[in-house]
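Next up: a single chain in structure tokens, the form predicted on its own.
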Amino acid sequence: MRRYLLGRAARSLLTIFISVTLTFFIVRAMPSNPVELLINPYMSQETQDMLMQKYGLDKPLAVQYALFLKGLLQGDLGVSFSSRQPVAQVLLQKLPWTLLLIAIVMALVLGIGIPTGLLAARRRGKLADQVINVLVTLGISIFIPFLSFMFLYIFSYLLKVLPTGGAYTPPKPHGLTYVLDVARHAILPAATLAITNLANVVLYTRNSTLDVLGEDYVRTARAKGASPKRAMRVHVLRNAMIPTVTVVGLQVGVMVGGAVVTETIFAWPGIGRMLFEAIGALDYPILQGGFLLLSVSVVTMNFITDMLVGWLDPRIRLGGGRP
């Protein structure tokens, strides 16, 4: 188990390093120049040079990269070009909102997706299974911006029962009123992300459950008198959950990508909206810090997923399953 753990940890660290490096060079390959946003044309040349030196933009790209890695190892993510605030401070302001949104979405996806997939497997070929398959197909093919604007049009414009955006209604309320107001604002963005990620969990749960139900040991348990519920609980669930756990871990990356679009459309004050605004402002430090945070989150979730899968199926951590 230790060897399996160390191998996955080393792979995760390498993935984060590659992601950080690619992000650094990709944002600097953008066609526009952040210097134009930093420098006022009425500034003196001396002031312009001081500003360029302050943000390290006067140095060669290789030197900028080395300084970026040095700062990263020291916990310094730099200073935002646009707000002049430390990037770490900006991220700490935005992170709780994205974590809250992702937590709600994960709860919906797991709480609805797994039971629905199990139901479809148990009712294979029947009306419930057919309806679920149709809904899964729609969920896989639906476009996040289309679903977002449809929800806004129906629930915010026509019915006027939910807010159009933001995380709370200003002025900021307090106590239970604040909690309920945030929950009300979270309904549309959370529902949008949940629906677009729910389909894969339902599909994998259904198909993996059907595969396990066809195994000899399950048929043997039923032949010995085990009830369908007991056979499902004792012999099916643990093995059927392996593909589902894997796809849930992978879905976190999809949720993070979808959060950029969803948070922007619904004006949710999280990391995704921050990144969208930073792209327009060519705010390199914010982009680097934001993508680093998202990369670490996704890689960490995948690492946890590997550990769970290794626990569910010892053959995997012993080298008998997937690499």
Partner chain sequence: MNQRENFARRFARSKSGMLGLIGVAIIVLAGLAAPLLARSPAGYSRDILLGPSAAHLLGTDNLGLDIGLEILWGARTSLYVSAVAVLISVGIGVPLGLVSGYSRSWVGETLDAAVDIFLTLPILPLMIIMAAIMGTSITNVALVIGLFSWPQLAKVCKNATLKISGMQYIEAAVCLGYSRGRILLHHVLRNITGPVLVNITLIMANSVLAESSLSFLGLGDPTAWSWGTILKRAWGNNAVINNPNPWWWWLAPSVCIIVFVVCFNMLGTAINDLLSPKTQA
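Numbering follows the first chain given and starts at 1. Since the structure is predicted, the reported quantities are computational estimates derived from the model, not experimental observations.
The same protein also exists as the form predicted together with the partner chain; that form is not shown, yet it is the one meant from here on.
This chain is displayed without the partner chain, yet in the predicted bound form the stretch 153-161 from 153-161, 98-106, 236-244, 72-80 comes within 4.5 Å of it by heavy atoms.
The closest non-hydrogen atom of D211 lies within 4.5 Å of the partner chain in the predicted bound form. Although the partner is absent here, G166 is not a contact residue: none of its heavy atoms lies within 4.5 angstroms of the partner chain in the predicted bound form.
The closest non-hydrogen atom of M52 lies beyond 4.5 Å of the partner chain in the predicted bound form. Though the partner is left out of this view, L22 does reach within 4.5 Å of the partner chain in the predicted bound form, counting heavy atoms only. Taking a 4.5 Å heavy atom cutoff to the partner chain in the predicted bound form, the contact residue among Q85, Q130, S141, S227 is S141. Shown without its partner, the chain has L250, G253, V256, G257, V260, V261, T264, I265 in segment 236-272 as residues with a non-hydrogen atom within 4.5 angstroms of the partner chain in the predicted bound form.
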